[in-house]
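Have a look below at one chain only, the form predicted on its own, in C-alpha cells format.
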C-alpha cells in the first residue's frame, strides 16, 4: 500500500477492507496505525539491508559491486517504489530515521567500493554521495513520471552511460 499510495494512505479501515478482514482483526495484530507503520518500516529496512549485503556484499570486485548497484535500479521495482514513497514522506517522524539509516548504509557500501578502486577516503565519500544522488534523482523522475519510456535496450544503454560516467576504470 505504501508503494502504491504513499505513507499517508496507510490507514486501518482501507487496509482492513483491502485484506478482507475486520478492523477488530487488524487491532488484534497491531495496537495502532503507527504500530503497523513501524512494523512495515522495520520490515522494509531489514529487507533492504539483506538485499544490500546479499547483492553487493558478496561481490569481491569493487567495480563489479558498483555496476551491480546501478543494474539493480531497473530491477526490484517494489523496493524502489516503497523507497520513493518513503522519500516523499521524509519529514514524517517514523520515516525519517529509517531513511537516514538506509541512506547511510548504502553510501557506506558505495564509499568502500570507491576506496577499493583507489580513491582517497574523502573523494570516495564524495563519489558515493554523487552516485547516490544520481540514484535518488532517477527514482524521483520515475515517481513524477518524467522519465521517457525506454525500451530494455535503451535503458541498458542509459545504465551503461551512467556506469561509465561515475565509476572509474
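Please read these numbers as outputs of a predicted model, since none were measured by experiment. Positions refer to the first chain, counted from 1.
The discussion below concerns the form predicted in complex with another copy of the chain, not included here.
Every residue in the set 99, 158 and 162 has a non-hydrogen atom no more than 4.5 Å from another copy of the chain in the predicted complex.
This chain is drawn without another copy of the chain; in the predicted complex, the residue among 117, 136, 67, 37 with a heavy atom within 4.5 Å of it is 136. Of the residues given (59, 112, 130, 52), 130 alone sits with a heavy atom within 4.5 Å of another copy of the chain in the predicted complex. Only one listed stretch (99-107, 38-46, 25-33, 59-67) carries heavy atoms within 4.5 Å of another copy of the chain in the predicted complex, and that stretch is 99-107. In the predicted complex, another copy of the chain stays beyond 4.5 Å of every heavy atom belonging to residue 13. Residue contact with another copy of the chain in the predicted complex: residue 166 places a heavy atom within 4.5 Å of it. Another copy of the chain in the predicted complex comes within 4.5 Å of no heavy atom belonging to residue 93. In the predicted complex, not one residue of 42-62 has a heavy atom within 4.5 Å of another copy of the chain.
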